[in-house]
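Take a look at this single chain, the form predicted alone, given in structure tokens.
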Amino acid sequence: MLYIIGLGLGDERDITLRGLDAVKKCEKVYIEAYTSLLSFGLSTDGLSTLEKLYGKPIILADRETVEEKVDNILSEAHGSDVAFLVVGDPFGATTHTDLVVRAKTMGVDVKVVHNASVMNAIGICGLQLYRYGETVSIPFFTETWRPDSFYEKIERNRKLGLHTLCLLDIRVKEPTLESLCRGKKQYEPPRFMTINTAIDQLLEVEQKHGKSAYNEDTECVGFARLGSEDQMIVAGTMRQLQTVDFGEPLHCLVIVGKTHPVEEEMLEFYKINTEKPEQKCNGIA
């Protein structure tokens, strides 16, 4: 049996009781380590925190493992219980549909244990979840690669008056271009996009297309470490949010569409304080 278990967003205590029961009966436990992170990261200390709670060792499953060697994990799940841990929800911001399809194809039974995801936790800012349009991902730009397919989706959402959740790039154990050319992989240091970088790139793309999908005065909400004890939520214009230090990752950004009076009332709690731009969560957790 393969158990795909959501861990939630904060720390080790966010796993559900059902998820914890499943982990404790599994012979092997893997944690997916390239699409998201818990608040304490995946350092040695962070993993030992999880291992202490679960009472068993955890194997780090990086991109290479999940994309190239996942059949090994599925083979193990043929004859024993194996847990595959996912930050957030297994079918939230990052879906693991391919893993389920491959497991079913190999005749492996699958059970999924759901949990909180960024896709629903953003509701804390007051913007109603059913008023969101298509979610977009903002990748890191390089000198030679500046993709902007997200622009049309944001423009479409804005025309419909819908909010847009922007998921910001995470680069963990990414091979360098030089090492790929040489045939021997070397990896870039981990990078996590900030809200400030995302806004810079969004404005660059708007300047390129010039369709007025948004501008520096467009209202947004910035989230940092959503679901953790020190989460930070700030509402303001793109220009205002560029001045805010949101601190440690992970960050995400919502571009606000047409708002209902109830949404506006809730957003007021998070409006940027120009005198104290380092503000935190304004007492809502």
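Position 1 is the first residue in the sequence shown; the rest follow in order. Model, not experiment: these values are computed from the prediction.
One more form of this protein should be noted, the form predicted in complex with a further copy of the same chain, which is absent from this view; the next part is about it.
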> Using a 4.5 Å cut on heavy atoms, which of 104, 208, 184, 146 is close to a further copy of the same chain in the predicted bound form?
Replying inline: 104
>> Please tell me whether the candidate spot formed by 89, 100 and 114 is one where all three residues come within 4.5 Å of a further copy of the same chain in the predicted bound form (heavy atoms).
In response: yes
> Taking the shortest heavy atom distance, is residue 203 within 4.5 Å of a further copy of the same chain in the predicted bound form?
Replying inline: no
> Might residue 271 be said to contact a further copy of the same chain in the predicted bound form, defining contact as any heavy atom within 4.5 Å?
Replying inline: no
> With the cut-off set at 4.5 Å between non-hydrogen atoms, does residue 73 touch a further copy of the same chain in the predicted bound form?
Replying inline: no
>> Although the partner isn't part of this model, could you tell me whether residue 124 comes within 4.5 Å of a further copy of the same chain in the predicted bound form, counting any heavy atom of the residue?
In response: yes
>> Using a 4.5 Å heavy atom cut-off, which of 159-167, 76-84, 138-146, 192-200 contacts a further copy of the same chain in the predicted bound form?
In response: 159-167
>> Just to make sure I understand: among 1-32, which residues lie within 4.5 Å of a further copy of the same chain in the predicted bound form, judging by heavy atoms?
In response: 10, 11, 12, 13, 14, 15, 16, 17, 18, 20, 21
